[in-house]
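This document opens with one chain alone, in structure tokens, the form predicted on its own.
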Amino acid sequence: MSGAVMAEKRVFMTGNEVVAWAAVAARADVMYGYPITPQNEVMHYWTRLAPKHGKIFLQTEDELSAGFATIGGVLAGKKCFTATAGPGNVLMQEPVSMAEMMRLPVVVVVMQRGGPSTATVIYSQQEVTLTTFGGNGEGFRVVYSTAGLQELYDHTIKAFNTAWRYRFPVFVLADGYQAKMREPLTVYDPVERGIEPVAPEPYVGRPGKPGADRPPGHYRNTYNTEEELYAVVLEQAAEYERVAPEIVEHEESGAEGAAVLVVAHGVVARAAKQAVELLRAEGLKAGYFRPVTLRPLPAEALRTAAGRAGRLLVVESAYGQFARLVRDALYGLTVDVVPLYKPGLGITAEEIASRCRELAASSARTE
């Protein structure tokens, strides 16, 4: 595999290690970061790989600095990324809002931890609202919610291409379980699989005289009048909505005629999928729907699946953050949406299956 960044092989890694390897495979140049559990090892592994692959790492004084340094690197034409969690994700929203306003291809990996505030350093799905619509903008960003380490590798690579192709900030939203657990997966050079990395280009410092040899670049995050901002936001909204169908991803099975459609995302979707398989083996009509992109959400596919099912069971390790996205997408439909919320706790397939049996039994009694 001459010229490949890495040979394709099976490995057994933690999620944090996977992110570092995937960033190398994606031809990332620089990581800026600040320590916060449970993502610390992303930085640790990156610093081990960086000297071997001609990469750079800079630890900044905080997450604000890491975010703005990432923006600076992108403006200079480098593929840059950062990683954070919890309170760090809160601080990261200011630079991400700037990247959203200036249409900069910033990549952020988030390993969710419990909240509010410092809370726990272990696991949750409580950073959904923050990551999908954080900051003081309109949420013109892409959010991939990964469910396992192979997907974490694949979508970290994809995040860089999506960011540089569409020029919107991109989040890879994982969690503390994925950060720390080990799983077998295949690492590979995307080029060897026909996935050509989108080449970066500088925003500033280009050769030639602006306005004479080349068009001038206007990269602004501040506007003088309401009308000026209004026009820019509408232009961004139109572009975001135009490309959204090219970005959205989801998984589903068994929605047609399902008595209960289980809707989940991220690592919880693994338990949901297993629960549905168990229920089908018992003869219960159960379906499964999982958005891979939380922003943009595959709303049309979700509405179609929900319209073919009896009830929806929305399962998440938060208190309704994901459910709010689901309910917003389903506005106008009469389908019954039932919650299974366990903020900050893992959710097993057995718990989901048990709740589905209860719902199926209650539906049978009312018929």
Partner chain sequence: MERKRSIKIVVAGEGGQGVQAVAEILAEAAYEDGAQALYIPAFGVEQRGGVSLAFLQISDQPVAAPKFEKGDIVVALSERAVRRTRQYVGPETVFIYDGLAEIKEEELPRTARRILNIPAVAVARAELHPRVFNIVIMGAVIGATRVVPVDQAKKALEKRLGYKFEQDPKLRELNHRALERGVELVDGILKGGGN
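Residue numbers count along the first chain shown, from 1. Note that this is a predicted model, so its numbers are computed, not measured.
Another form, the form predicted together with its partner chain, is not on view; read the next lines as being about it.
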Original post:
Heavy atoms within 4.5 Å of its partner chain in the predicted bound form: which of the stretches 291-299, 255-263, 242-250, 173-181 has them?
Top reply: 173-181
Original post:
in the predicted bound form, which of the listed residues (R103, K285, R165, R270) lies with a heavy atom within 4.5 Å of its partner chain?
Top reply: R270
**OP:** May I ask you to state whether E351 is within 4.5 Å of its partner chain in the predicted bound form, using heavy atom distances?
**Re:** yes
**OP:** Give a yes or no for T37: in the predicted bound form, does one of its heavy atoms lie within 4.5 Å of a heavy atom belonging to its partner chain?
**Re:** yes
Original post:
Applying a 4.5 Å heavy atom distance criterion, does I122 contact its partner chain in the predicted bound form?
Top reply: yes
**OP:** Examine I347 and determine whether its closest non-hydrogen atom to its partner chain in the predicted bound form is within 4.5 angstroms.
**Re:** yes
Subject >> Residues in 74-88 close to its partner chain in the predicted bound form, defined by a heavy atom within 4.5 Å, in order >> reply: none
